[in-house]
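Okay, so here's just one chain, in structure tokens, the form predicted alone.
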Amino acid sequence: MPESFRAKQNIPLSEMTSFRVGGPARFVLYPQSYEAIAEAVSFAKEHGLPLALLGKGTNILASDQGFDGCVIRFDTPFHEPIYHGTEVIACCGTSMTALAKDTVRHGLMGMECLCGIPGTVGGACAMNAGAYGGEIKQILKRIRILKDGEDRWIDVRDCDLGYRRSAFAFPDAIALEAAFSLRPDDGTAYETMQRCMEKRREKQPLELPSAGSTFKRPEGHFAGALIDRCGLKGYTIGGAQVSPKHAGFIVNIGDATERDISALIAYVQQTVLRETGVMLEPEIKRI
């Protein structure tokens, strides 16, 4: 193994994902620099191994059989956020919640609604994460990506990001660093941040393992409301349950397996389609 990244073998994905399910990954690589990320990708290709990226594992459903390939783990930042006036540059492994809080401490606003998103900057850029009226698209101006073996900064175009869609998602690209354009705090950022975090605590089942919102928001509807209307709150298959607190979340109430969760996702989709005519699309990614 190259010395530019640490490597571990046969690490359960259940230990690295917020759903707490998933079998072992054959290799887990921990790059120590941006250059090492490229070397880790090359290592996987040279050995003919499937490749997956994993930040904090908060939007992931991992297979019970595990992953017979390389997982590149981006769960810690290579450097602290860098501020240039109202611009902040953060690396892919930076916690979104930590970054949002840090920008408010620096007298900036524009990221306060994103506080509480449990993933990393890289993951947020790869899915255009959003919450409570704010989304990455509104503030992401430049991004450093690894694409086709080339490491480069590019300007973000309006067409690059949409609702839970990003041109910077793997395998098309790997987000390395992001430059966010914010604005001076008008005195409301801290209060807004606290209000968003309180809403999250009140309405979401944060006390149980989950992968956040299970389904994307269908046009003209809210997934949670549709599921609730169908009487599915609390519906359980094995150790997987539609949260009684928020129907848009599937939670692990004990010893859920990926098979349990997948079966419950399919059951919810079929029921909602039959009762409302709306087909729900999962938001979570699979390994």
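Residue indices: 1-based, along the sequence shown. For clarity, every value in this text was computed on a predicted model and none was experimentally measured.
Missing here is the form predicted together with a small molecule; even so, the following discussion is about that form.
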**Message:** Using a 4.5 angstroms cut-off on non-hydrogen atoms, would Gly123 count as touching the small molecule in the model of the complex?
**Reply:** yes
**Message:** Can you tell me whether Asn59 touches the small molecule? I mean in the model of the complex, with a 4.5 angstroms heavy atom cut-off.
**Reply:** yes
**Request:** Give a yes or no for Phe74: in the model of the complex, does one of its heavy atoms lie within 4.5 Å of a heavy atom belonging to the small molecule?
**Result:** yes
**Prompt:** Hey, in the model of the complex, does Cys92 get a heavy atom within 4.5 angstroms of the small molecule?
**Reply:** yes
**Prompt:** in the model of the complex, does each residue in the set Ser18, Ser210 and Glu283 place a non-hydrogen atom within 4.5 angstroms of the small molecule?
**Reply:** yes
**Message:** Using a 4.5 Å heavy atom cut-off, which of 82-90, 98-106, 161-169, 189-197 contacts the small molecule in the model of the complex?
**Reply:** 161-169
**Single option in Ala178, Ile174, Val156, Ile139 placed near the small molecule in the model of the complex, where near means a heavy atom within 4.5 Å** = Ile174
